Ligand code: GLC
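Below you will find one chain, with nothing else, as structure tokens; this is the form predicted on its own, and questions on how it binds or moves follow later.
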Amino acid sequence: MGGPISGTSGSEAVWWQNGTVYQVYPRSFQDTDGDGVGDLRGITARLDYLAWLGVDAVWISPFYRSPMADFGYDVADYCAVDPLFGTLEDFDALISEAHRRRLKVILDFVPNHSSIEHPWFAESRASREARKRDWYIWRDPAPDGGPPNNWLSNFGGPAWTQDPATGQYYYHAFLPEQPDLNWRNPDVRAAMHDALRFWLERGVDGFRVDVIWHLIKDEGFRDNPQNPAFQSHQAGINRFHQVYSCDRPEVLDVIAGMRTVLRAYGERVLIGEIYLPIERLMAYYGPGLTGADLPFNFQLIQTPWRADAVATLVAEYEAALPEGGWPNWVLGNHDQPRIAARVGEAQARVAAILLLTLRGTPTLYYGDEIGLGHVAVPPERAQDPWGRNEPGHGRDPERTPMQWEDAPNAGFTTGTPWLPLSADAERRNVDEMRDDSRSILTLYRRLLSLRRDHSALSIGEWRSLSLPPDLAAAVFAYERFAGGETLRILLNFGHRDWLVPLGAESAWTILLSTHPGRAGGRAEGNLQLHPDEGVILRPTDR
């Protein structure tokens, strides 16, 4: 048996520690005006569903004014709602209705880059002497006239585009339509802090900050070193180690400044999107926990789906956390293939138990609770600019519309949906699944209910359980405990039965299983774990 990992008491926990977060991609959640694209009114119309499901907060991907070169991650006005999604009044109504249902609202903030159509960039590119020239990153050409260095765009090709008017290059970590802001400029920081305050004043409960590890670049703009492990099937960005174009130590000061802005409004959460290894991820909690409250932990997305690999990951992540640092877990998002697409429908149920029983804050991605997997998107309907730049890396399949009912377009829209629905939408939808005791939706709802009812699952401590080597390769076993209560979790990552020893000194009752009909069963000494089964056990009073 492994050693315990400290949790926190219920009286000490804040809402984002004992709660669960649900990500909504607004284009794909609910359309109310028939244009085939979801909107803010659609989110408001579905808040009762989120309350019924049992989540505590809704994180909404960008809906700011934008020309939509990257579907809202190219912001033209940080303090306005794009007409595609509605109005500022629609947002105010959404947050009011969410709070009335005791749901927190987290916004996606995109401070690394703006749209090329933002007025700031228009002024910046006007001339080399423009007042806002230094709000963006401009550099002279290399001696051969080419880009200033070897930095690459995350969406394919060079990260530098030459502007004919002034002859200089501007830097864009993503699309050319997304020029990077210069966060070394205090005026940029002040303007961005004002944008945060604009939404905080409207009652927002926190922010997920897009590509937060990119905000500061190397002051000398040195070339990134070659990656000797690069393989041709990987995205082009992997040709180099991104040591100078992102993850610079000065970024922690930037994050601390954002945190200070949020803390002036009470317990607001700061979440940072960070795709880095565990040892680097931990730095983003900041010295003395002055950084992000939750540096997003994407390790479950990137780790092989085997019991031993996941068990090792969880132990390493827990051991690396700084004193007082709160963990978090996520299985997918709008940039990654869905969990059911990666591991299959049966293991997606096991993954649901894993996500909602590990220590820390879990984030659910819309549609995972109904088992949405890979949705085929014909080439003629492809939308994602990354996929167009680098075929094979498109993110459309994980952004398809939410499926609500057995109706035209699964109840998402009365028009033509911007992306297709799954081929089985007539049965894979909320209405078909919500009263089905065997559905994955019922499993998610039951898990969320257990987190509320058992503090051991929400804010309790965690410890791993040792198993014989052959068993540990297929089964991940651990316990959560708090206030005298202990719950045991057994997850079978394999496709055959396993006999799992429980110990001779106690009897256990199955509190929940991915296999309907097993709940309430008792076990002593051993438990026969079925293929692709996850269970939660509680001690049985003898």
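When you see a residue number, it is the position in the sequence shown, counting from 1. Computed from a predicted structure; not experimentally measured.
Absent from the display: the form predicted together with alpha-D-glucopyranose. The rest refers to it.
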**Prompt:** Wondering, does residue 413 line up within 4.5 Å of alpha-D-glucopyranose in the model of the complex on heavy atoms?
**Reply:** no
**Request:** Tell me, yes or no, whether residue 70 is in contact with alpha-D-glucopyranose in the model of the complex, where a contact means a heavy atom of each within 4.5 Å.
**Result:** yes
**Request:** Mark residue 172 yes when one of its heavy atoms lies within 4.5 Å of a heavy atom of alpha-D-glucopyranose in the model of the complex, and no otherwise.
**Result:** no
**Message:** Considering non-hydrogen atoms and a 4.5 Å limit, does alpha-D-glucopyranose approach residue 426 in the model of the complex?
**Reply:** no
**Fill in**
As a check of understanding, the residue in 210, 293, 318, 180 with any heavy atom within 4.5 Å of alpha-D-glucopyranose in the model of the complex should be identified as 210
**Fill in**
If we test each of 338, 451, 217, 395 for a heavy atom within 4.5 Å of alpha-D-glucopyranose in the model of the complex, the one that passes is 395
**Region of this chain that lies against alpha-D-glucopyranose in the model of the complex, out of 436-444, 329-337, 456-464, 366-374 [heavy atom, 4.5 Å]** = 329-337
**Neighbours of alpha-D-glucopyranose in the model of the complex among 130-161 [non-hydrogen atom within 4.5 angstroms]** = 155
